[in-house]
Ligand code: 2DT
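The chain below stands alone, shown as structure tokens; this is the form predicted on its own.
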Amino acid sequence: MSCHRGALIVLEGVDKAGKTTQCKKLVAALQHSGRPAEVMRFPDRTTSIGLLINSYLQKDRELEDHAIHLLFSANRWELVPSMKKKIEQGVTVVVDRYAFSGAAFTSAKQGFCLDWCKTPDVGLPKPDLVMFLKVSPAEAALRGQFGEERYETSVFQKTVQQRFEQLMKDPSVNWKVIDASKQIQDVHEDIIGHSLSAITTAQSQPIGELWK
């Protein structure tokens, strides 16, 4: 057992912003420096709830908008025990999408407000650092495989980005904006700098609760 807890670090952004690539690079860099680190990704499509979400995202199944939002939240909650255990054992958990994506994507649909969308995730483990990989939706649309999944349209992604900007006004969350239009290695260097600082700070603090 480590005497210090690990950090909870989240990467967010519109689709194709480079989150998955940067999560992998961050974990590899942390491990190389001798710091225990693991990746988690939401939705986790390997669970029973995740399989249902996957069929929806692949356009194989239709689900009512409120119902799918709650399934995304349930998918996060079902992995909280595992996430907390890792963090308490000194492992830094790097998360590819979290509750912020859930709120941003659903509230981008007609008839939904941010407050309602945030409610199911109130009390989740609070990230020590959330990095928003900022890239224009138009640029993201030019990246590989864009358009294969349900939400990958430029118009929708633009609204999603606006919702993220609203979420970033919350001073209770440690947000950092990363220019994701730069070269992959340059983006990584920005991310590692912020991450090392967050890991150091987290060691002496309890795990918080999101939006509480």
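Sequential numbering from 1, following the sequence displayed. Because the structure is predicted, anything quoted here is derived from the model rather than measured.
One more form of this protein exists, namely the form predicted in complex with the ligand; it is left out here, but the text below deals with it.
Residue in contact with the ligand in the model of the complex (any heavy atom within 4.5 Å), chosen from K158, H66, R45, R35: R45. Proximity of R97 to the ligand in the model of the complex falls within the 4.5 Å heavy atom cutoff.
When the ligand is considered in the model of the complex, G102 lines it closely, a heavy atom lying within 4.5 Å. Using a 4.5 angstroms limit between non-hydrogen atoms, V39 is distant from the ligand in the model of the complex. Contact between F72 and the ligand in the model of the complex is found at the 4.5 Å heavy atom cutoff. Interface residues of 50-66, taken as those with a heavy atom within 4.5 Å of the ligand in the model of the complex (partner not displayed), are limited to L57.
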